[in-house]
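Before any questions on how it binds or moves, here is one chain, the form predicted on its own, in structure tokens.
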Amino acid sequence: MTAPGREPAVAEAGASGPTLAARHVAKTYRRGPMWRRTRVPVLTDASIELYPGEIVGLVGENGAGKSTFMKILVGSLDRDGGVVERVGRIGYCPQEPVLYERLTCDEHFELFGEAYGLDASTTERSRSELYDVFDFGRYSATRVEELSGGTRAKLNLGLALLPDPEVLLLDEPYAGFDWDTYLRFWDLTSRRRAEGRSVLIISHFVADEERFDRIVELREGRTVER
């Protein structure tokens, strides 16, 4: 239920507008025991827009609230104020992989394919393409508990890409990548931009700024365009 006078958390954006837009988002955490609880504001006025065919970077120091903002954009965390608008399917790659230790890579793709509502043939086709793009098909029948950190990172990203989302939200996606995988990642991201997809990448620093269309910084709970 929406409080009187407050806009809904998610609104339908116009077809010609941004695929993702957040305006004046605020979030405060409450910490400490009940009798001495304190309010810690993390986001006070965070805004961002993402349009078809662009790659946007969201940067900020550790603890600046980047991951909190990302979770609000995805819809996995409530906000205290502001409006979020989304259009199309969203793929989300969290900083910490959400993987099941005793399931294989194939089983993860099958499980997530069902969650996305994909039919078996679509899941199989997309999975095969992702194995090829990130070069980890040889681990298709390997359990997550036996995978290296880098291969887990590939699987984590692959699961976000499985439904070919219009909007891709990535939280520190290439932290565990080797150089070859890093280049493969940017090749894929550039292709998605050319196809009119939108990509938002969170990082505490940007090494290859020329790869982005825009950079937005998060400072003291507020966003600032570079």
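Numbering starts at 1 and runs along the sequence shown. Since the model is a prediction, treat every value here as computed from it, not as a measurement.
FYI, the form predicted in complex with a small molecule isn't displayed, but the following is about it.
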TODO: Could you tell me which stretch in 155-163, 47-55, 25-33, 181-189 has residues with non-hydrogen atoms within 4.5 Å of the small molecule in the model of the complex?
DONE: 25-33
Open item on the list: With the partner left out here, check for me: in the model of the complex, does some heavy atom of residue 195 sit within 4.5 Å of the small molecule?
Closed with: no
Open item on the list: Residue-level contact is defined here as any heavy atom of the residue lying within 4.5 Å of the small molecule in the model of the complex; does residue 95 satisfy this criterion?
Closed with: yes
Task: Non-hydrogen atom contact residue 204 with the small molecule in the model of the complex at 4.5 angstroms - done: yes
Task: Touches the small molecule in the model of the complex: residue 173 (any heavy atom, 4.5 Å) - done: no
